[in-house]
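Read the single chain below, which is given as structure tokens and is the form predicted on its own.
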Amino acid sequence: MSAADLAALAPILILALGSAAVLLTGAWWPRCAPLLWGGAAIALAAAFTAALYSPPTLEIAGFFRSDGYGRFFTVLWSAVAALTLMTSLRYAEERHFEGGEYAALILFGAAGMALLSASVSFVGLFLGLEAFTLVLYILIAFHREDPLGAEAGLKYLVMGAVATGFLAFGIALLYTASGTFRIAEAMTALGAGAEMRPVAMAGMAMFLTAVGFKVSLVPFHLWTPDVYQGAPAPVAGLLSTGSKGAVFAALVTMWGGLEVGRDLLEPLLWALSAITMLVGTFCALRQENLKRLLAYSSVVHMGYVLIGLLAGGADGNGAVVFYLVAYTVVNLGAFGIIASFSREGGEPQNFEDFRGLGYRHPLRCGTMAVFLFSLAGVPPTAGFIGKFGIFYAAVGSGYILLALLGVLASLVSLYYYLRVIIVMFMSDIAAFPLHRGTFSEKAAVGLCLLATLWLGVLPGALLDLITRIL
């Protein structure tokens, strides 16, 4: 690796080396809050470096891209890491988390997400994906005294191991068919002659199976509600946003480089998107637990993103990137509010825990209502602009029926999101008082709220930036 490659890797190196520094510091100075604040500062330093620094090369060792697209997602995932650490301060202290280990894992996970989003090679894709997946295995079960957390960690480990096997075997078959690990060139094998095309298609089927596990596409979604319920709330926010968004960021590059063989994959992706939206929607209707509801909600939203990926082109890819940003800030804020309400005895999860809570904590419950309306696609929020872009791109590309299914799923989703709001604000039963929240928690949630409303009212700046990086 040349000096130019190392210079282009500067934001990632800040995250990785900062992770090691926080871990070593925690071994000698086990103070939770300062270590988490230090981790947040390192994540912000990586974000500013990625945003302001112009790398000397646009590709790193043939594995990763360091152009505007790669740096854009490095900024996003670094910001997600900083916000996650901010919402974790009191949460981690009350549960006696090791601050150095926790902050180091969050930073290293952000580095893996950034690498995955910028991958141009299957080797880089595998390294980035496994880097943050290994981190999540630990973070999900980080609260060792919580039996639900241990169960969630085990389920994610088993499913993740299976997905890793499918991914490695799929990449091997694609390499066999194409003779290269570079994603753009390997994709041409799908349209190659009759001799190697079946091998390439088998590899792509295994690759899509692994992706289905990672982003909770139906029928590979069964781990999602249990893992979300058992994971610590800040970790669940990171899992629902960065881990899935980074995979789709890589898929945008992959699908955009597919010039031949697209017609063979479109029916499969169409079916995956449709069944994911329908099954996720109907499962969410029956939930009485907010974290499980948000889990099935994430399943539905991955179906929406798949619509934009299918549409492709400038409109489809731009809609996918915007939707990933909008979904990230909204979902991170929703899980941040759950963390801010938590007490040493546990988190409020069941709807009964939120009954009448809007009268005791109106600001945070009102903010939660905004996040839920955004997930439903109600204007003027980021979710409305994101869904409008997805459906517009789908109609423009001829996926009218898929767009109608998406609109129908959005309309039905209003019911289960409104249930939560009604429970909070329209109940005569006095709520059991929960934690008042700390400055760092409220600041992180406030930033997510500001971004949600700003992207809903003035999305032009982000849309212009997305057009440039694509």
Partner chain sequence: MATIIFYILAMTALAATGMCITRRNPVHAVIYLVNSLFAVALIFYLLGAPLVAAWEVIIYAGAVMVLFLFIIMMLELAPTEQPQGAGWRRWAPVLLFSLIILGCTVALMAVDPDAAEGVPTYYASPRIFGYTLFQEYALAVQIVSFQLLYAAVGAYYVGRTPRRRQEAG
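In this text the structure is predicted, and so the values were computed from the model without any measurement. Residue numbers count along the first chain shown, from 1.
Although it is not shown, the form predicted together with its partner chain is what the next lines describe.
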| query | finding |
| --- | --- |
| Its partner chain in the predicted complex reached by all of Ile60, Glu101 and Glu130, non-hydrogen atom within 4.5 Å | yes |
| Selected contact from Val75, Ala274, Met206, Ile138, since only one has a non-hydrogen atom within 4.5 angstroms of its partner chain in the predicted complex | Ile138 |
| Sole residue of Pro56, Pro34, Pro433, Pro30 within 4.5 Å of its partner chain in the predicted complex, by heavy atom | Pro30 |
| Leu105, heavy atom within 4.5 angstroms of its partner chain in the predicted complex | yes |
| Contact label in the predicted complex: Phe142 to its partner chain, heavy atom within 4.5 Å | yes |
| 4.5 Å heavy atom contact, Thr452 and its partner chain in the predicted complex | no |
| Partner contact for Phe181 in the predicted complex: its partner chain, 4.5 angstroms, heavy atom | yes |
| Among 93 to 101, 367 to 375, 286 to 294, 320 to 328, the region lying within 4.5 Å of its partner chain in the predicted complex by heavy atom distance | 93 to 101 |
| In the predicted complex, residues of 10 to 26 near its partner chain [heavy atom within 4.5 Å] | Ala16, Leu17, Ser19, Ala20, Leu23 |
